[in-house]
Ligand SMILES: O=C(CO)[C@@H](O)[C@H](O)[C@H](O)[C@H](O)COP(=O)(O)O
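The form predicted alone is given below as one chain in structure tokens.
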């Protein structure tokens, strides 16, 4: 087996997916960044959640906000709902794994906050419930999805924003999700703190 050819196939598939995504996603990324900036200027916070690799993405986003992205600037309020193992396991044990994010949102979410909901399929039941809880708390939702948007897409309203990666392979969707997160961080910094040239 030619492993290097296989590796090259992965690189080329990733490049092709990003090229296609670059043709359709920029307007949605721009809107999402403006939503996040308005939330932060209004002293709101951003709650993020996902499962597996998407949990990693939610933590990646919150760390870039709380610490910094590419410049020195004040910390920005963001929270990954995926990191507190005592909370996650107690909710999953006492209620259901489908409730692990929604119960946190009902406790921590405030009107004007934003939920960053990440799912490559758009069908994760606990993310669907998180969106419903966010709406109950008068929060807007920014959804990072893939494929056909799944169940998440049908829940989103006019005050929400879906960034749907035009791909079907989970790994390729996740690779674009990370790029989208870096774009959001850069645009937030640019809008809040000015040009970094």
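Residue numbers count along the first chain shown, from 1. Model, not experiment: these values are computed from the prediction.
What follows is about the form predicted together with this ligand, which we do not show.
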**OP:** Report the residue, out of 171, 31, 66, 41, that has at least one non-hydrogen atom within 4.5 angstroms of this ligand in the predicted complex.
**Re:** 171
**OP:** Choose from 53-61, 131-139, 32-40, 66-74 the stretch whose residues reach within 4.5 Å of this ligand in the predicted complex, heavy atoms counted.
**Re:** 53-61
**OP:** Would you please decide whether residue 98 lies within 4.5 angstroms of this ligand in the predicted complex, comparing each non-hydrogen atom pair?
**Re:** no
Original post:
Taking heavy atoms and a 4.5 Å cut-off, does residue 121 contact this ligand in the predicted complex?
Top reply: yes
